[in-house]
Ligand SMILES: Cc1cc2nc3c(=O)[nH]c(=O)nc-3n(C[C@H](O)[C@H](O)[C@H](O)COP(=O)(O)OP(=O)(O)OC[C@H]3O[C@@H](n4cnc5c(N)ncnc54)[C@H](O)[C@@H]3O)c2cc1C
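In C-alpha cells, one chain follows: the form predicted alone.
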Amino acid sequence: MVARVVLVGAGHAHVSLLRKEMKKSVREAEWMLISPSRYQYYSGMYAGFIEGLYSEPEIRIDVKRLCEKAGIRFIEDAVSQLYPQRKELHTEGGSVVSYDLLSFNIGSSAAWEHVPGAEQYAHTIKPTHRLPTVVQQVKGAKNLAIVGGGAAGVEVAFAFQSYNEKHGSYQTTSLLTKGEIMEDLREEDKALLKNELERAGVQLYEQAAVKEMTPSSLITRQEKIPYDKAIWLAGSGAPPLFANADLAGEDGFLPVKHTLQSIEDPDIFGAGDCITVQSHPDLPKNGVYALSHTPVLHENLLRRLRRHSLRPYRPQERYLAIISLGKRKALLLYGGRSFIGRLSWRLKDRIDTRFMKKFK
C-alpha cells in the first residue's frame, strides 16, 4: 500500500516544498495538502500591498493551482483535531484524513489571549488569507492603532501612513509596543527607526503594553489611547491544535528535534512559526527561518519514508533583513551594518518579486 504524506498549512516551507515535488514524474508516496484557503499571501509584500505598490494577485500564491501542477491533492479546509495514536486528522468541514507522515506549516495565531477585549475589538491578519479583507476594513480609519513593535508592526504602520498621505486622508496612525521598538536592534538603528516614524507622522508609544481594549480605547498602564480601528501584530500565539493533541511544549508550539521531527511522535514534522526547535529555542519566528527549513523538511520526509537516518537542521547565524519604511524607502540590516534609503527598498522589491515569480 502506498504511504500518504499530509501537509497541513500552506506556509513558506510547504509551498516551496511543492515546487520541489513538481519536478518529479514518479513519487514514492501519495501527497496531500490541507489549507483553509487556496491562496497564501507572502508576508514580505504585505506593506507594499497596503500602500498600493502591489496588487493582490502579485502578493499571493495560488496553492490549489500549485498542487494541481505538482499532481498533489489539495483540500480547502481547516484541521480542527489531530489524533496521533490513530494517525487521523479531523477537519472543520467534517472530513477524516488518515496519514502515514504528517507535516505542519500553519504559522502562529494572534497573541492576545491575556488581554480582555482584544479578540473582540482588534483585527488580525493571521491566518494570512485574512489580509485583503482586514486591509479594506481598516482603511479610512480616523484613528488607526497598530499593536506590536516588531518588524511587522513597524512596516504596517509606515504603509498605512503612506497610503493615507497619498490619498489625502488626514488620519492618526499609532504604533504601540510593550517594550522598545524592535528590541533586538542596535541602539543606533532603533534611533533611525524612531526618527523615520516621527518624520512619517506615526505616533510611537513605547513601554505601552496593552492591558485591556474597549470599543474606543487601548488601555495601558500609563494612559488610554483612542482608536476606531486596531490591528493586533504583537507576538506569536501558539495554535491550539498541538495542545489538544498532547504534543505542545511549554510555550504551546510543536517542539521538534534538530531534524524538524516531533519530539513526541517520529511521524510528525513541522516548519515555520508553529514549531520550536529544541536545540535552538530562541530562533525568531519569521519567514527567513521558515524558508530555511524547506530543504531539510523535504529531505527528511523522504528519508523517513525510506526508514533512513535523518538530516540535521542548522540555522544560519545571520541573515539579511530589510524593513519597509513606506514611499519606496527601506532600512537594510545585515551583519551589524545598516543602510537606509531607496536603494534598500529596490533591493527588497527585487528579492520579493523574484521569490514570487517562482510560483507564477
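Residue numbers here begin at 1 and follow the sequence given. Keep in mind it's a predicted model, so treat the numbers as computed, not measured.
Unshown form predicted in complex with the ligand; subsequent notes refer to it.
Visitor: Scan 220, 286, 164, 172 and let me know which has any heavy atom within 4.5 Å of the ligand in the predicted complex.
Guide: Filtering the options by heavy-atom distance leaves 286.
Visitor: In the predicted complex, which of the listed residues (260, 82, 230, 156) lies with a heavy atom within 4.5 Å of the ligand?
Guide: It is 156.
Visitor: Would residue 290 show up as a contact with the ligand in the predicted complex if we use heavy atoms at 4.5 Å?
Guide: Yes, residue 290 sits close enough to the ligand in the predicted complex that at least one of its heavy atoms falls within 4.5 Å.
Visitor: Is residue 326 near the ligand? Define near as a heavy atom within 4.5 Å, in the predicted complex.
Guide: No, residue 326 stays farther than 4.5 Å from the ligand in the predicted complex.
Visitor: My question is simply whether residue 194 lines the interface with the ligand in the predicted complex - judged by any non-hydrogen atom within 4.5 Å.
Guide: No, residue 194 is distant from the partner.
Visitor: Within 4.5 Å, heavy atoms only: does residue 107 come near the ligand in the predicted complex?
Guide: Taking the distances in the predicted complex, the answer for residue 107 is yes, it comes within 4.5 Å of the ligand.
Visitor: Counting only non-hydrogen atoms, choose the one of 174 to 182, 198 to 206, 265 to 273, 133 to 141 that falls within 4.5 Å of the ligand in the predicted complex.
Guide: Of the options given, it is 265 to 273.
Visitor: For a quick check, can you give me the residues of 121 to 146 that have a heavy atom within 4.5 Å of the ligand in the predicted complex?
Guide: Sequence-ordered list: 125, 127, 128, 129.
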